[in-house]
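Just the one chain here, laid out as structure tokens, in the form predicted on its own.
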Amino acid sequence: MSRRLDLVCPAGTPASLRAAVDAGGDAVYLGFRDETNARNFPGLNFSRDELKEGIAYAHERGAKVFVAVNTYPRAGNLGPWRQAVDDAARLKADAVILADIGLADYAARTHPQLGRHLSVQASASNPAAIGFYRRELGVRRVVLPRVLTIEEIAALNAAIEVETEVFVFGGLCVMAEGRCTLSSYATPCSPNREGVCSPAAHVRYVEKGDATVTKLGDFTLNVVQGGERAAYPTTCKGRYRVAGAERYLFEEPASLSAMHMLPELAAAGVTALKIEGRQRGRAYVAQVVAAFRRAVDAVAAGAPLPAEELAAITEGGKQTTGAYRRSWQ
């Protein structure tokens, strides 16, 4: 028997929230329907009334709700971001997930009873940085960047006094954890300020003979031939022509999958496991959360990991362990 890891699950809609809770999530993370969170896409996220109902649904079933307020406020316009923190506190969310240091200071001073988690967008990955957030801003949990090996996570946990949360399934981002300027360059929208990476309104699929050309704004990100699967076009996973050859310049379309590494992550001192996918539907959320629920419970009981097959719902049909076992620097 070992310590039970918390399972933190995505919810882009109220239906996904209920699916995540019903499938066994210990907590759900979500955002308001505006630019204050890093998944600001049409048809996603929560109104204040929907959040109130969602929190009641989760709390009645023993689950927590974390509100992501993890984009960076515009200069001279702090209002929407502070309002998001105020409303999360008023509606009794369990914590807010913050990236901006000024907003974290505001939350600490204005709502000291509200839990504060540090977003992966803050890219805090060393004891000095994490210690500052704990000491000065009362941050109790840090979502670690997806660039650390398990050995580095273990060393970090041994040196800090806050909980850590790591991603175990879903999309990867190589552009400094969502702080992407390539997407901003290709479209007039910013992931950092407006929460939109590769916004759908700027995505186009163009049939050209047997090929499908995927474009973001005026830029071609990939040309997919025949039976090859086309992933959602993001700049960091585009296939470009370099020195006369076409190749994935930054990263291939693939999903992080670390279920088989849960015992190692538990031994490394991790507190919580995060599933990515607020843009995904409730069926995806229910399937992935249920699979990880079984795996987390098996690890806690000292039992073998169950055989789970999630390859069919991964990006591009491919899985990777990301940086957990990297051979690159």
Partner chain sequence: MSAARPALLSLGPVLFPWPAKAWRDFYFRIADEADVDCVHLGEVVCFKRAGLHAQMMEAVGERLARAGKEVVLSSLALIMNEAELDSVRTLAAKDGALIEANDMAAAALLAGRPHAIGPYVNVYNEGTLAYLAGRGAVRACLPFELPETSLAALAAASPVELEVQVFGRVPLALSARCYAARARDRSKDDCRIVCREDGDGLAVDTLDGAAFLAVNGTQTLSSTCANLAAEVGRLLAMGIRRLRLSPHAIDMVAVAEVFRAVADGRLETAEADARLAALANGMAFSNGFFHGAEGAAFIGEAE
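Positions refer to the first chain, counted from 1. Predicted, not measured: the structure shown is a model, and the values here were computed from it.
If you look for the form predicted in complex with the partner chain, you will not find it shown, but the lines that follow are about it.
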| request: Just give me the single entry in H111, K215, R90, R140 that has a non-hydrogen atom within 4.5 angstroms of the partner chain in the model of the complex. | output: K215
| query | Can we say D100, E136 and Y185 each have a non-hydrogen atom within 4.5 Å of the partner chain in the model of the complex? | reply | yes
| message | For the interface check, one of 90-98, 160-168, 122-130, 255-263 should have non-hydrogen atoms within 4.5 Å of the partner chain in the model of the complex; which one? | response | 122-130
| said: Is it the case that R326, even though its partner is missing from this view, gets within 4.5 Å of the partner chain in the model of the complex, heavy atoms only? | reply: yes
| field | 4.5 angstroms heavy atom contact with the partner chain in the model of the complex for L148 | value | yes
| Is R239 close enough to touch the partner chain in the model of the complex, meaning at least one heavy atom pair within 4.5 Å? | yes
| said: Test of understanding: in the model of the complex, would P73 fall inside 4.5 Å of the partner chain by heavy atoms? | reply: yes
| query | So which residues in 247-270, when you check the partner chain in the model of the complex, have a heavy atom no farther than 4.5 Å from it? | reply | R247, Y248, L249, F250, E251, E252
